[in-house]
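Here we start with a single chain on its own, the form predicted on its own, put down as structure tokens.
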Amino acid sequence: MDEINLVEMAKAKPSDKRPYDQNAHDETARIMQICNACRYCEGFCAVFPAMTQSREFDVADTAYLANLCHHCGACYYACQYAPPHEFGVNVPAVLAERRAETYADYAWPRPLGQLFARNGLVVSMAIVAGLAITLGLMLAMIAPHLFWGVHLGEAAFYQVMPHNVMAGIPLVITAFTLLAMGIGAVRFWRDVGAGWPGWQGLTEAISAAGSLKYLGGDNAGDGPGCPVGDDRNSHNRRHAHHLTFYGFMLCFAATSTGTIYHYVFGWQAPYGYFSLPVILGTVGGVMLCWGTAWLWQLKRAMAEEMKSLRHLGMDYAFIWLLFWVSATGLALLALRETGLMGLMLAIHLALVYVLFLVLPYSKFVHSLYRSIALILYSVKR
């Protein structure tokens, strides 16, 4: 592709607008065509080798490439066509915008995805406040002596809220969440044309997703890391993501272990401070608080030019919810033998319910779509 064609493509972008002011697919296709002619960033991550497999980019192609991107920003600092160049190539911001569109486009029901995409943080905070107030008032008005009382020993939590109610609400929410995420994943898989990559390809895709290989700064995963607020590189984002992910998994393991204790052995919560569910939950909660606070700081430090400003609320909402779920869980552990246990339980449960309710419409689905994109990458290779 010669220089004249590149100039013609650059003229298709109004010079007085930033990338997120335009249709995300059209801008992604324009940027990818320019990158395809340059290919300077081909060694940075999976996006650019995958990009070279196409000459033109339809809606499925741009959705696929956007979800391969980890938004590290290395290509932005390396690009000779980045603003203020007239081509205005800003791969991280454009792919972030297109990626956020996929969350809403493939969401089920779609109106919920669109609502959360526009006002993610505000919607999450409003629902949490509403649920916490509702739960708190309901429990406090029904039995104030139980809500504000001190309860010790086995089944103390169920003095405030019956176990069937406490477990039944998340069971319904989880069923809805799994259905919504499953429908979204099938839609995305079908549109991008992902197929069976073979066992080796599947193993490579799972390994790349789980290790965040492409946050390493190159295709081998052992590069200098990603830019942190400027053109200095660091592995901080990878470490913060790992703290968050493995903290979440430890909390999930704690909940699963507690479920086994309750239904198999008949042991009722709260459990002893040195029991397996409490140890797993405490370590996981600390890791989650640390990881999400770190991610929040790194996201704020990212150059404004690389952010998808319309969808920052969506990005921050999931981090905010994870942090406060883990923080209130730790606070509940600390206050469970005091008169504040009922209040902390209402706040913590409200946050947990909202977290799982918004999972299909939050940044969480990127992990699902990225895994599918990595499988397709293995197939195409």
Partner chain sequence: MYTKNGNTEDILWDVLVIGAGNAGLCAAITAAEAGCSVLVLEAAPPDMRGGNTRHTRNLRATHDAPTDVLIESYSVAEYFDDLMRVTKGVTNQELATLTLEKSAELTRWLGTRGVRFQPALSGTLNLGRTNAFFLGGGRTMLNSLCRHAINCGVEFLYQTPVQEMQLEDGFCEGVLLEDGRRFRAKKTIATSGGFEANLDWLSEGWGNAAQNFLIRGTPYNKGVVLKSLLARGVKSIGDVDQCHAVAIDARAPQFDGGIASRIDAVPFSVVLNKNGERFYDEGEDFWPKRYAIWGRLVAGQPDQIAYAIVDAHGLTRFMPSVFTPIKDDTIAGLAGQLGLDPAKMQATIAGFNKACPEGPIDQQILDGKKTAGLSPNKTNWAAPIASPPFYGFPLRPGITFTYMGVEVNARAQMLMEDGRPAANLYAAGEIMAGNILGQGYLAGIGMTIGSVFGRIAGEEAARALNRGLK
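Quick caveat: nothing in here was measured; it's all calculated off a predicted structure. Residue numbers count along the first chain shown, from 1.
One more form of this protein should be noted, the form predicted in complex with the partner chain, which is absent from this view; the next part is about it.
For the candidate set A82, M125, A240, V192, a heavy atom within 4.5 Å of the partner chain in the predicted complex is found for exactly one residue, namely A82. When you look in the predicted complex, the only residue of A60, L340, A334, C38 with a non-hydrogen atom within 4.5 Å of the partner chain is C38. Within 4.5 Å of the partner chain in the predicted complex, a heavy atom is found for all three of E42, Y76 and F87. At a distance threshold of 4.5 angstroms between non-hydrogen atoms, D218 is in contact with the partner chain in the predicted complex. Contact annotation for P224: at least one heavy atom lies within 4.5 Å of the partner chain in the predicted complex. When contacts are judged by a 4.5 Å heavy atom cut-off, I34 counts as touching the partner chain in the predicted complex. In the predicted complex, the partner chain sits within 4.5 Å of a heavy atom belonging to R232. Only one segment in the set 341 to 349, 43 to 51, 62 to 70, 318 to 326 has any non-hydrogen atom within 4.5 angstroms of the partner chain in the predicted complex, and it is 43 to 51.
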